[in-house]
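This text opens with one protein chain seen in two forms, each one given by itself as structure tokens under the names structure 1 and structure 2.
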Structure 1
Amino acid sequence: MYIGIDIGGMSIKAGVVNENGDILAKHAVTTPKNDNDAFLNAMLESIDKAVEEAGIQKSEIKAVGIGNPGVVDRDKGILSEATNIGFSNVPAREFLQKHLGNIPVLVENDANCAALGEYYKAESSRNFIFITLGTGVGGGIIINGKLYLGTNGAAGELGHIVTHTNGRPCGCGRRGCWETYASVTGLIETTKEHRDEIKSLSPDEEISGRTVFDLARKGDKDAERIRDMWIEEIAIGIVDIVNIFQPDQILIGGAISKEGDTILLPVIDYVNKNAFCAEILSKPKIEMSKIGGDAGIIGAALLYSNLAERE
């Protein structure tokens, strides 16, 4: 049995996963912000609850994999940074080995984990890009069936290509990064900027990532227009990715991917019209995640097996 941990801006999800990548049990806890100790204890709580719900003993755990929404130190097992959560230099391996025994604890970028999960469980192409839309925008790059990490291990930070010069400030320190517009956080910000234009939205109503989608389904044309503005922001970045990598396939994940064709069809249309030499070159297949929100847990859990394959 393996433990996969998917760290998000809102929750930490832990799952007990078997060698085939099947989740036997999972548990989520709220992600503490700006507090390393509270974060580590929350992560341990999520593991304990998942193990309890799976009905196994901790001694049956062969390895733990952690997907972090930011930079990691793989050699030392440290979660180096997660700008959208507010922690740095979290000694995840050292902490978990004190509580779970001296078992392997591997750390990886969360989008890389999700890409691996898709590759193992969804029979994806051997050359594809995984994009996850959530608090930020993450990316995982699979080339010839292997995770591409780059010279320094930080490849795949697709959310930090700039799509708006001097645009919104980003947690990375730059302005106008793709994730400040195309993430769910960016959608919420865009909705707030245009809330006065949405007639059916009351002044004190809380804005979420679902707001304009729900209102558009009820026939609100202003909400539909703002929703479509956000979808175009996604498409703009995907065109850049297509132009750089020309992959076989692009998969879009994150909770918002449940909106399916509402997002997917206009993105495909935009890419088909705007990619480099669009009228000549073949295009990648663009699809929603095959296994949804569980991809990060599965990929993190299988990090140990993937490392063995690479060696």
Structure 2
Amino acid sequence: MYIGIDIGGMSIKAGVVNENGDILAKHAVTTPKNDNDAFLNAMLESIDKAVEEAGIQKSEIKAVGIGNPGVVDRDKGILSEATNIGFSNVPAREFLQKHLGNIPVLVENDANCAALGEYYKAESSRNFIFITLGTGVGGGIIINGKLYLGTNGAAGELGHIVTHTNGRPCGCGRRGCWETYASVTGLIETTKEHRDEIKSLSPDEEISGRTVFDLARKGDKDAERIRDMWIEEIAIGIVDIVNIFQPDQILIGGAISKEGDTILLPVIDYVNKNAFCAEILSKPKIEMSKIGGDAGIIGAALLYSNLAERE
């Protein structure tokens, strides 16, 4: 039995997870801010409650994995920082081993945990790419069944490949990164650039990531066109990923996954037409995330067994 912890700005969620990635019980507590000790105690409380609800003994816990929305020190088991929680250098491994015994405690960034969770719940895939479309574009890479971290541990910044040389400024310092066009932030910017063309949009209405989707559903052809421009930006990067990795599966998660087939079907169509040697090579299965919020817990829980396979 494994414990997976998903740290968020609002709550710390702990789950008891079996080796198949099934969550037996989970418990959430409010995330204490700007206080390392309060944070550690809250995390332990979430574990205790989840263990209690699952009806297992603490001695059955084989390992704990923690997904942090920020930088981690994997070697030392430290949560180095998480800007929106306000902690720094939290000695998670040391603290949890004191309370749970000398079991492995692994720390990882939350995007990688989500990718691993999605991977374990996907069907029989070996080379698997997870893409999150939200404020930015994030990614996680599974190669031959193992989380790929790169030599310095920072691989998988799929949002930071340039699709528009000299394009929009990106937070990473470059211009034209995929995420400046394919993220929800990118969609909002594109919508703003074209707002005068959307006839059914009232001049004082605030633009959100939903605007063109909602108006297109009501029959606004210009909104539909702008929505489709955005979907093509997503598809361009996904073809890049296909041409690089030729994975067997690509899963799309994040805030927009609820739009489902409206995004998915044109993306698949674009990939089928534009991937390298599209007419002869097999294509990856491309799907929307199905497990959503629980992927982080599941992936964190299974970090240890994935790492063991990796060594």
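Throughout, rigid core stands for the largest set of C-alpha atoms superposing within 1.5 Å between the two forms. In this text, all values refer to a predicted model and were calculated from it rather than measured experimentally. For residue numbers, the reference is structure 1: its sequence is counted from 1.
**Student:** With each form of the chain shown alone, which structure should be assigned as the form predicted alone?
**Tutor:** Answer to the question: structure 1 is the form predicted alone, whereas structure 2 comes from elsewhere.
**Student:** In degrees, what is the turn of the smaller rigid part relative to the larger one between structure 1 and structure 2?
**Tutor:** The answer is a rotation of 31 degrees for the smaller part.
**Student:** Tyr120: how far does its C-alpha move between structure 1 and structure 2, core aligned, in angstrom?
**Tutor:** Its C-alpha moves by 3.0 Å once the cores are overlaid.
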